[in-house]
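Presented below, as structure tokens, is a lone chain in the form predicted alone.
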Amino acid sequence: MSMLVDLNSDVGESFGTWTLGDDGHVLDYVSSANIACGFHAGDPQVMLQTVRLAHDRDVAVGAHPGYPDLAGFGRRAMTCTPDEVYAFCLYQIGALVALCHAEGVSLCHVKAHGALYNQSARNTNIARALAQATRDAAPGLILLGLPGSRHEAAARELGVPFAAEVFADRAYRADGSLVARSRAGSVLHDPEVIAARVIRMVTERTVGTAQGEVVSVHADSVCVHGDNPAALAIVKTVRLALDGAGVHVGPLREVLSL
């Protein structure tokens, strides 16, 4: 039996007349799309266009909620109560549910963005608010998050399906968390190096850290960031490497047998 993994990318991050990413081509190589929901990036028209692009390519659609921080692209930490996090996540996911419904698409999963992702991975109450919004926005949504983190614990507590994510183009720390983007070397750019790293994460379930250690990882899904300047070259090289290694790329519901 061949190995199976999801390949995802954060897309729909353009806003108004400002364009970010090459979504149309990136979506040719992934099995899941995390669509920005308007708070950190994206707008209603971009969201709808991206749903259509994903649907045309038979790519599963996920919501990518973030902090209300367009100027900072959602990467600046904010001090929000769990009730606030629940409300603005539910709002963002619900907006994408409506757009998907209009296009005959079923929303598949939820993945927090940027600072919200990092803070909820460490903070039980924020993770619980994110998982609760995922549970309440639509039936059966999968929470995509960092394995072994508060994401996974909150999902299990609330009965939300959970998928473990690894990052193709981000450096790891010894505790399995990501190196902060403010640190040199936190984002990787060489497609061949990244592809070899992904194969190792998927087939051997290990990754080398920034400190030179080797840690265990579990990958239901592999993320390639759509805003990386080398995103298209990276995702194409990673997809070809996975195909060449006999790893089948499929959407999360197939990976999790849901």
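All of these numbers come straight from a predicted model, not from anything done at the bench. Just so we're on the same page, rigid core means the largest C-alpha set that superposes within 1.5 Å between forms. Don't overthink the numbering: it's just position in the shown sequence, from 1.
The discussion below concerns the form predicted in complex with a further copy of the same chain, not included here.
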Which of 152-160, 169-177, 121-129, 98-106 has heavy atoms within 4.5 Å of a further copy of the same chain in the predicted complex?
98-106
Using heavy atoms and a 4.5 Å limit, would one call G16 a contact residue for a further copy of the same chain in the predicted complex?
yes
Partner proximity in the predicted complex: A184 to a further copy of the same chain, non-hydrogen atom cutoff 4.5 Å:
no
Do R197 and a further copy of the same chain come within 4.5 Å of each other in the predicted complex, heavy atoms counted?
no
Can any non-hydrogen atom of V247 be found within 4.5 angstroms of a further copy of the same chain in the predicted complex?
no
Residues of stretch 125-144 in contact with a further copy of the same chain in the predicted complex (4.5 Å, non-hydrogen atom)
D136, A137, A138, P139
Rigid core aligned, does the Cα position of D28 differ by 2 Å or more between the shown form and the other one?
no
Threshold 2 Å Cα movement between the shown form and the other one at D227, rigid core reference
yes
